[in-house]
Ligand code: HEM
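Here you get one chain, nothing else, as structure tokens; it is the form predicted on its own.
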Amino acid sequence: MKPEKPVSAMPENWEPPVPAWSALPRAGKTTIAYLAAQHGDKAMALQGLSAIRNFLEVQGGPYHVDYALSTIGADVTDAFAVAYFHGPEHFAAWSEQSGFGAWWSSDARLSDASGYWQERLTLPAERMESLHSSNVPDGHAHGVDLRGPIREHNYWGGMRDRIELSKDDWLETPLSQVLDRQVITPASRVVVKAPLNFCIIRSGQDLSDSGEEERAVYAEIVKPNLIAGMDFLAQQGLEIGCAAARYAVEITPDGTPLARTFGNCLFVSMKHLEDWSKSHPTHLSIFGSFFKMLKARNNQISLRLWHEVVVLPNDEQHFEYLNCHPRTGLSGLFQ
């Protein structure tokens, strides 16, 4: 029988073998907005992203933005921003003052050359965690201090221990809830409701400070396993509880590729993410390849790793897709 409250998985007298840092809680809520343009032609997708970028760069916009490219199969490119706001009020004020809200809701978007999508997540601090291999912030950690080195890492269950709410809540997805596909007028706008405790991870790899030799070792040992794992989640992930996955290359605002990548995966619950991480062959291959890289480099690497995990409450989430490929995010799961 499951205990009423979760118990930390940290081993007794635990001392992690390597240092890591985590973001301090931010006062109030954080809103993370994935805002994308989609097209079969990369240049056209980037052109659509430039329209979104114009809104993001006005005064009063997000406190941090990353830009990225990902693909669906060989034929569709998503050019998107990951924008961080100081909660839903900040997002709403920016959306109105910049004109983004009116632009997004206009019927003209439905006849644009590009499709568009947004996945907007609003979280209290108790439903968020991050882990960083150095004291350099990424993602929602921008604008707050990092605490560390911390003890709550490098063991299975550390991710759950870093989420404050997990001390009192198993964070399970109620079986009575399903991903609810709701088509609203017009039919080319699709809004999807995610269930309580839906779990989303953004997991990054930063080779910006790595030399050519280290990048070559990474490309040979780690990258093939990482891409294979992301391909599995994107194509077959639903069978293990991963509703959507995208592998992204970060870019400058004008579209130049950076030496930074990330996986963005949408799991039905944290338990599904934990099970994939702990026991699935695709993740074990990724995990093992990093240690092979360390051995090949005599433990001398400049690669920085980080991730952020969020577990959604019932309210203030928004998943909307305009004229998008049916495998985009959550848009085509329950047709």
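Counting begins at 1, following the sequence as shown. Just so it is clear, the structure is predicted and the values come from calculations on it, not from any experiment.
Another form exists, predicted in complex with this ligand; not displayed. Remarks below refer to it.
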Inset, instruction - Note which of 116, 218, 94, 85 lies within 4.5 Å of this ligand in the model of the complex, where distance is taken over heavy atoms; exactly one does. - result: 218
Inset, instruction - Could you work out which of 101, 157, 195, 124 is the residue within 4.5 angstroms of this ligand in the model of the complex, going by heavy atoms? - result: 157
Inset, instruction - With this ligand left out here, work out from 283-291, 36-44, 49-57, 63-71 which stretch has heavy atoms within 4.5 Å of it in the model of the complex. - result: 283-291
Inset, instruction - For the three residues 190, 314 and 321, verify that every one has a non-hydrogen atom within 4.5 Å of this ligand in the model of the complex; reply yes or no. - result: no
Inset, instruction - Would you please decide whether residue 205 lies within 4.5 angstroms of this ligand in the model of the complex, comparing each non-hydrogen atom pair? - result: yes
Legend entry - Touches this ligand in the model of the complex: residue 153 (any heavy atom, 4.5 Å): yes
Legend entry - Residue contact check: residue 259 to this ligand in the model of the complex, 4.5 Å heavy atom: no
Inset, instruction - Mark residue 271 yes when one of its heavy atoms lies within 4.5 Å of a heavy atom of this ligand in the model of the complex, and no otherwise. - result: no
Legend entry - Heavy atom within 4.5 Å of this ligand in the model of the complex - qualifying residues of 110-130: none
